[in-house]
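Coming up is one lone chain in structure tokens, specifically the form predicted alone.
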């Protein structure tokens, strides 16, 4: 994976950490990940700010987002494929 993001899997869930990356690298890394055919979701995103530019991109691609509890200074999201 490019863009400098760290990606790992824990307990069957893919995580992507884009903290510390300059825009638009976080958005590009997340979009690249969810567009991989083997990424069925859910995906946990570890971000250092609310990625408001990401939300319309997710909706366009059929993904939902949910804010999760996170340590101070982190925005954590769960991305999943939208259900009809």
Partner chain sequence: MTLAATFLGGARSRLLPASIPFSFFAAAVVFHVAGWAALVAAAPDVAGFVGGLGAPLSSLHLITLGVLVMTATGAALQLLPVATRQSLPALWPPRLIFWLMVPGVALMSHGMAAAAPTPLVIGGTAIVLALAVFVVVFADNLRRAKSLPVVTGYGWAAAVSLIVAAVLGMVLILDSDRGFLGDRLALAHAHVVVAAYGFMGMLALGFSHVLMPMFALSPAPSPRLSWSGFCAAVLALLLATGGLVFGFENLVLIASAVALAAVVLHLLTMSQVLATRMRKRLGLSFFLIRVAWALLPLSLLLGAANVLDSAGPRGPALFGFVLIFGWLLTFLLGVLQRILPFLASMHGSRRGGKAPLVSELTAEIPLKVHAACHLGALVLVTAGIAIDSVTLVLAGALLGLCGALAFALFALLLFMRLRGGTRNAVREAGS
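Please read these numbers as outputs of a predicted model, since none were measured by experiment. Positions refer to the first chain, counted from 1.
There is another form of the same protein, the form predicted in complex with the partner chain; it is not shown, and what comes next is about it.
Among residues of the shown chain, residue 56 is one whose heavy atoms approach the partner chain to within 4.5 Å in the model of the complex.
At the 4.5 Å threshold, heavy atoms of residue 44 stay clear of the partner chain in the model of the complex, well away from it.
In the model of the complex, the partner chain sits beyond 4.5 Å of every heavy atom of residue 10. Remark: residue 78 does not count among the residues lining the partner chain in the model of the complex, judged by a heavy atom distance of 4.5 Å or less. Residues are counted as partner-facing when one of their heavy atoms sits within 4.5 Å of the partner chain in the model of the complex; in 43 to 62 these are 48, 49, 50, 52, 53, 55, 56, 57, 59, 60, 61, in sequence order.
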